[in-house]
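Form predicted on its own, single chain, as structure tokens, below.
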């Protein structure tokens, strides 16, 4: 079987790290490149995290620095939740040694790669969509050259940055609006489905039992992630959830919808407005994940992590 070719657009962040690990662990995937964007932290930090992760695991995947600010609004980060380095830990931290970034801008690299491999690339975007929007601006043909665009972002119900807005979309709503209006074949994995995939202390214990240095490091990061919300040691698994769909689509229920991004609402800016009454009321522009088999996904994720850590 020919592996699925993936370009990862990311803003590491712990759950981005976990998503990247799962991609590397899965023999059915090959990660052709990584573009880094500002999001969970400013670009200098998210890029440093990506280069530390690459150095730690000895991966050869090229890593490119991308956009350092949203298209229009002031920058927001998740450092108030994830810590100054976006990698909150109960002990061990990523080693300081960094791989060298690949020369060139991430947007240019993404455009070149998709043009070189038309119809073959799955673009997995798990951070703010700034890099993707810039690529679509510079190369208007790019949405039609993608195999598919898989996004962790948005929500069909509650938000996490505001009452209705999810962080990746709220961090650059203008970019998200451009991407959803681009005609690209979009699969959206929002908070509503990611909250059906929970990680908790039993998963931390399984990783820690691996005993190897990388497993112990990851367990410290994973434990801190599960303890983000005071008094509750379980947490939804966000960025790894679309990776699980790429591995086993049967674990998910998807529905076609028209997704629009609210840009002007006083209380609703960054909201993903999902119209499921298609085609009667709107033309679908995305497949939206609605249901996930959380236990099956976590069993697969733990087995994959223990193979690679």
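Numbering follows the first chain given and starts at 1. Everything numeric here is computed off the predicted structure, so don't read it as measured data.
Quick note: we don't show the form predicted together with a small molecule, though the next part is all about it.
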Query raised in the report: Which pick from 180, 238, 136, 218 sits with a heavy atom within 4.5 Å of the small molecule in the predicted bound form?
Result: 238
Requested in this report: Name the single residue among 76, 82, 164, 145 that comes within 4.5 Å of the small molecule in the predicted bound form, judging by heavy atoms.
Outcome: 82
Query raised in the report: Would residue 272 sit within 4.5 Å of the small molecule in the predicted bound form, counting heavy atoms only?
Result: no
Query raised in the report: So, in the predicted bound form, is residue 40 in contact with the small molecule at a 4.5 angstroms heavy atom limit?
Result: yes
Report task. Evaluate residue 110 for contact with the small molecule in the predicted bound form, applying a 4.5 angstroms cut-off between non-hydrogen atoms, and reply yes or no. Result -> no
Query raised in the report: Is residue 126 close to the small molecule in the predicted bound form, meaning a heavy atom pair under 4.5 Å apart or at it?
Result: yes
Query raised in the report: Where, among 114-122, 68-76, 208-216, 152-160, do residues come within 4.5 Å of the small molecule in the predicted bound form by heavy atom distance?
Result: 152-160
